[in-house]
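Just the one chain here, laid out as structure tokens, in the form predicted alone.
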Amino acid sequence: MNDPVKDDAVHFDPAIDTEDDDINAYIDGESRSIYNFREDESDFYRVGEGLTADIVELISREKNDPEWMREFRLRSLDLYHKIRVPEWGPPIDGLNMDNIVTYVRPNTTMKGTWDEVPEEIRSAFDKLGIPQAEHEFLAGVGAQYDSELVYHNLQESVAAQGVVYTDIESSLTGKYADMVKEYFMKLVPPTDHKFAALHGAVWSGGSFVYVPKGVKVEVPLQSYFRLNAKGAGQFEHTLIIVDEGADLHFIEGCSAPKWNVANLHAGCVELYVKKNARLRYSTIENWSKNMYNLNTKRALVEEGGRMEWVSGSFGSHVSYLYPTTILKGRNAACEYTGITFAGKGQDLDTGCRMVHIGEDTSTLVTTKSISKDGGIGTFRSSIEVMPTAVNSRSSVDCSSLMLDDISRSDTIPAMEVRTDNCNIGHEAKIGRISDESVFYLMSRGISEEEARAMIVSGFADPVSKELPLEYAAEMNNLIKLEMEGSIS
């Protein structure tokens, strides 16, 4: 995704506004009311709209950045103005950075107990079930509201193992400052693409995780991101290092209320899986349908390490999301399991990239794509096998289900194989719900709408079963909400 450079700055326009009837039609029509609540932000601090050096400097002062980070932000801003918008994905001309607020600070500092979080913010996470989930099955939680973390906590028993889980800002100047500086935006440099440069300039919030050698975290950690502000962007940065022989399951969740103007998400996730370590990274991306989701995720896996992605993409007006795994060491392995649901007014361009460098490396990709009401679902896979990756293996299996005659599903595979000694395969299937299956269920007393929803849930089951029980239930609920009124 390295783009050529223009001499002139690139801007997104025109902006989505309240007079765009098509946008309002699908935003107003969405049924995900459980996530569509808004909290008052009248006393929150906001920088001005747009993206300038003065705004970047202001964000840097607000964050109390060390000098190297301030300079990093300004270099990233310069790159942002030079790198082109990608020309091969969904159109993003409804996004105008001149109208986006890049930093919104809640009226609180980060707290270590939920009782300390202001009521109007805590109520949002209560409605989403985050405190309850932490109590029942999580070892630690970080909760971000707009541009800042408002809550962060790690169980004492896990902290006693030497596990570090904290906000990334404090890590810039604390005990792990040198480690953060060594790894920050090295896997995803600002030169990588336009949105990586944007992230490097205005990033705010996110988490830093370090799991020491040999430590196995038995219960998952979670970060949850809530973007409440109208016309704003969220740019959190997640940095996770799982040291040799260690094991971690990390869960990411996100949501936002619906607005009739564009919102932007351009976060960044960098994952380091050391020798013989294992990391599972599970995500349910549940943005509202005015969101441009331009997220970047990348993992580097050393010898004998294992990376597992479980990804659910719901909501968003437009998504660009392609988690990348670099299998550097011998016997490194990666498994990617994903599902995408594109409804009315949505163009979700998702997939993954696997780069085989070490000998005997292996990747397994299994994805499901569902489209309805004119939604567009595109799956892109890139399998790159370097000359050094002898005896490597890769299998890609993508299945798409279209629920009507006006939706679209595309599969765009790319394979670059530079050694003869490997085994690479790709299989794609696209189909529709059969009338016979619907008729059979209806003959058993099930309504047509319920029958279609049951078939879609069964189609998504391979992804659902890879999630923890609570998140599988959330994914199934999201599918149910998307399927409401799906009779064609």
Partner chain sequence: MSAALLQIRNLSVSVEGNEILHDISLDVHKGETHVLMGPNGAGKSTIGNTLMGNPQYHVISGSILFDGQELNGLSPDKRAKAGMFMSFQNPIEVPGLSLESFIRNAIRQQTGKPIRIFQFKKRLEDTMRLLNMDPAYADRDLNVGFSGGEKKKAEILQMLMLDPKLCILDETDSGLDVDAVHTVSNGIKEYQKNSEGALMIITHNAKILESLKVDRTHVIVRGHLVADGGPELIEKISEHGFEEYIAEAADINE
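Positions refer to the first chain, counted from 1. Please read these numbers as outputs of a predicted model, since none were measured by experiment.
A second form of this protein, the form predicted in complex with the partner chain, is not displayed here; the remarks below concern that form.
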Taking heavy atoms and a 4.5 Å cut-off, does residue 420 contact the partner chain in the predicted complex? no
Is residue 459 near the partner chain? Define near as a heavy atom within 4.5 Å, in the predicted complex. yes
In the predicted complex, does residue 68 come within 4.5 Å of the partner chain, counting heavy atoms only? no
Does the partner chain get within 4.5 angstroms of any non-hydrogen atom of residue 64 in the predicted complex? no
Quick one: from 58, 433, 428, 454, grab the residue that has a heavy atom within 4.5 Å of the partner chain in the predicted complex. 454
With the partner left out here, which residues of 406-445 have a non-hydrogen atom within 4.5 Å of the partner chain in the predicted complex? 436, 437, 439, 440, 441, 442, 443, 444, 445
